[in-house]
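Given next, in C-alpha cells, is a single chain: the form predicted on its own.
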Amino acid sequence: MSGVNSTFEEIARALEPAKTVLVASHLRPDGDALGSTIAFALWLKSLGKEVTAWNEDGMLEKFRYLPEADIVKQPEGTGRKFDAFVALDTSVKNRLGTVLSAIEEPAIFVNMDHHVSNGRFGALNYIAAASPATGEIVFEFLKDRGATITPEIAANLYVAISTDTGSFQYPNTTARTFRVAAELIEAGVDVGALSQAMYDSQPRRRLELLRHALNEVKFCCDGKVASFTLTEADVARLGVLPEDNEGIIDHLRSVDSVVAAVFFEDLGGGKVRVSSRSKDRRVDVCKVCAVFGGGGHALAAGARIAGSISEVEERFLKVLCDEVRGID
C-alpha cells in the first residue's frame, strides 16, 4: 500500500455516502483508543448516520466516566455489514481482535493512527507518527471539517490526549498539543473534574497490583532495565482486571538509573503480553518489540509472544539489554 496519507477531504468524501458506519479501536484499549472512538462516533451521529462503536473488550470500567461511554459495545454476531469501517489508534489490523470476525469486509475502510509501526491496512490511511495521540488527529480532522466540538466530544478528546501524553509529559507533546487542549477546554472541558476521574479515582486492587510490582521488580543490564512479571496465579490472588495494569510500568521507569522498563503478563494458553517503555530515544523499544512481531512507538511499544512467561522474559530482556548496551 502507498505510504502517502489520504487527505482529510478524501476521507470525509469517502464517508459521506455511507449510511452505516462502524468505529473501532485496538483490544485492551487505553484512553486514546476509547476517547477517539467515542468522539468520532458522536461526530458521525451528528451527520445523521447509523453508527456502531465496538471494541473487543467493550467499555472498560475505569473509563465509564467518559461522556457517552455506553456507546462503546463488544462485537455482536457474525457477518455484520457496514457501509464503512473507521479503525482508530490501531497499529496492526489484527489488534482489532474479534471486531474483524464479526463483520464482512466493508467497501470503505479508513485507518487513522499515530503509531510509527502502523501497517497502513486501510483503503484510506492517515498515519501521523509525530502526533502524540490519535485524539489529536481526530481533533484536527473535525476542525478541518468545520465540525462543532461539543462538550462531550471535547471531553473525550481531552482524555485521549492527556492519557497518551502521560498528562502532557512525554517528549512528543508539542506546543500544538497544548493549543489543542486549550481549544478543548474552551469547548467545555472541566479540567479539574476530568483529571480527578482520570488520575485520582483508582480502585484499591490497582494499589495492590502496584505493591506486587514494587515487591517483585527485577533489575538487570547494570540497573538500566527494570522489569516485573504477572502470572495467572498473581491475577487470581490479587483479583485484578487487565485494565488495572495500565501505568504500573511507569513507576519502574521513574527510577533514575533505569533507561527501559518492561512488564510481562501471562495471558494463558502459552501467550505472554509484553509492554515496554524507554526514556532514552537511543533505546527504541518499538525496534525491540518488532523482533517479536510487535510494534508501537520508539518510547512505548508492546508485543504478544508465544512461550512460557519465564522463557519470554529471558528472550526479550536479552534483546533489550543488547540495545541498551549499544548506547554506552
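We number the residues from 1 along the sequence you see. Everything numeric in this text was worked out from a predicted model, so none of it was measured.
The same protein also has a form predicted together with a small molecule, omitted here; what follows describes it.
Across the options 271-279, 62-70, 34-42, 49-57, residues that bring heavy atoms within 4.5 Å of the small molecule in the predicted bound form belong to 271-279. In the predicted bound form, the small molecule lies within 4.5 Å of some heavy atom of residue 95.
The shortest heavy atom separation between residue 300 and the small molecule in the predicted bound form is within 4.5 Å. At a distance threshold of 4.5 angstroms between non-hydrogen atoms, residue 111 is out of contact with the small molecule in the predicted bound form.
Contact annotation: residue 91 falls within 4.5 Å of the small molecule in the predicted bound form, judged by heavy atom distances.
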